[in-house]
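Take a look at this one chain, the form predicted on its own, written out in structure tokens.
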């Protein structure tokens, strides 16, 4: 057998794609599937982005570009972030990436040594833990708790897990899979801990602009945080560009300079012509962008209303992201299903409703007693939400 590098045994994956494959296999047998499993969007990319990208192709913008991206987009993106975050970034603080995900690995490679401890959210995006372990760090989870109106950041869980070996913190505010967000007081407490313990922070803000009410806040806006925070930015969500693969790493120049060198080693440069489309997205008419939000909000409200009408299910109505994380403990008990996988597979094969569970977002913690599933409503129309969750309700009552 081929002897693989030892580090490969520490590499995790994003198991939501396995659920997607299973749902596709079930659909290929002629079954109707209601796809709540994957956070993709079935909405069109705004026309300004598409037209500007095609124009750039026709103008020959199909070769290499600077390894950190074209200066025009870097400058426009810095200005856009400054307007929403009250920061003072310039293009020197921006390195464009082929999507949002590369920022996770490059943040870790730039700032973490083998053996360093990194705090990450659990439940949370599984690539955090995967990349921490793959590069030789120790992944230390912190968690969230159910509050009155949404899941709440567990500051005690975070603070109790800080040790002299803690080097980094991953903060996914406006969080996948829960839709949780930090209050202003919680952000201030996080900033206090960051300064006290000399930490650096990855602020994963993939869903910063997927917001239906109120205004998103960022840790980087607080005093002393711009020097210690790296922002993960992606065009995938706001502009329905998941398959276009364009994002950015934004932070202190000395960190971005290292990320630029990693870009050279890993990809050479981001896609050239798509960057002109991104400029049009950021600077052009926002009518279609706002329509994306209106559509997602309608889907959220439809799904939440139906879920909360099902006996044994409780679901918050988060103001951001396009995910729901309902508590299904009572429903599972009523159906006599005692494991996540038995529940997930029964829902798929009996009524065609496909979703991820808490297991797809990190290993369950010993303190957990309730059961949760994650529903993404970004890739399913209102009519199918009504039909699919209607079947879930009928199944629950049968």
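Numbering follows the first chain given and starts at 1. Treat the numbers as computed from the prediction; the structure is a model and nothing was measured.
One more form of this protein should be noted, the form predicted together with pyridoxal-5'-phosphate (PLP), which is absent from this view; the next part is about it.
**Student:** Choose from 93-101, 185-193, 110-118, 145-153 the stretch whose residues reach within 4.5 Å of pyridoxal-5'-phosphate (PLP) in the predicted complex, heavy atoms counted.
**Tutor:** This holds for exactly one stretch, 93-101.
**Student:** Taking any heavy atom pair closer than or equal to 4.5 Å as contact, tell me whether residue 85 reaches pyridoxal-5'-phosphate (PLP) in the predicted complex.
**Tutor:** Outside the cut-off, so no.
**Student:** Since only the chain is shown here, I'm wondering whether residue 232 would be in contact with pyridoxal-5'-phosphate (PLP) in the predicted complex (any heavy atom pair within 4.5 Å).
**Tutor:** Yes, residue 232 is a contact residue.
**Student:** Given that the partner is absent here, does residue 206 sit within 4.5 Å of pyridoxal-5'-phosphate (PLP) in the predicted complex, heavy atoms only?
**Tutor:** Result yes; residue 206 sits at the interface with pyridoxal-5'-phosphate (PLP) in the predicted complex.
**Student:** Taking pyridoxal-5'-phosphate (PLP) as it sits in the predicted complex, is residue 176 in contact with it (heavy atom to heavy atom, 4.5 Å or less)?
**Tutor:** Residue-level check for residue 176: yes, a contact with pyridoxal-5'-phosphate (PLP).
**Student:** Suppose contact means a heavy atom within 4.5 Å; in the predicted complex, does that hold for all of 172, 237 and 245 with pyridoxal-5'-phosphate (PLP)?
**Tutor:** The answer is yes: all three residues contact the partner (heavy atom, 4.5 Å cut-off).
**Student:** Among 89, 325, 128, 276, which has any heavy atom within 4.5 Å of pyridoxal-5'-phosphate (PLP) in the predicted complex?
**Tutor:** Here the answer is residue option 128.
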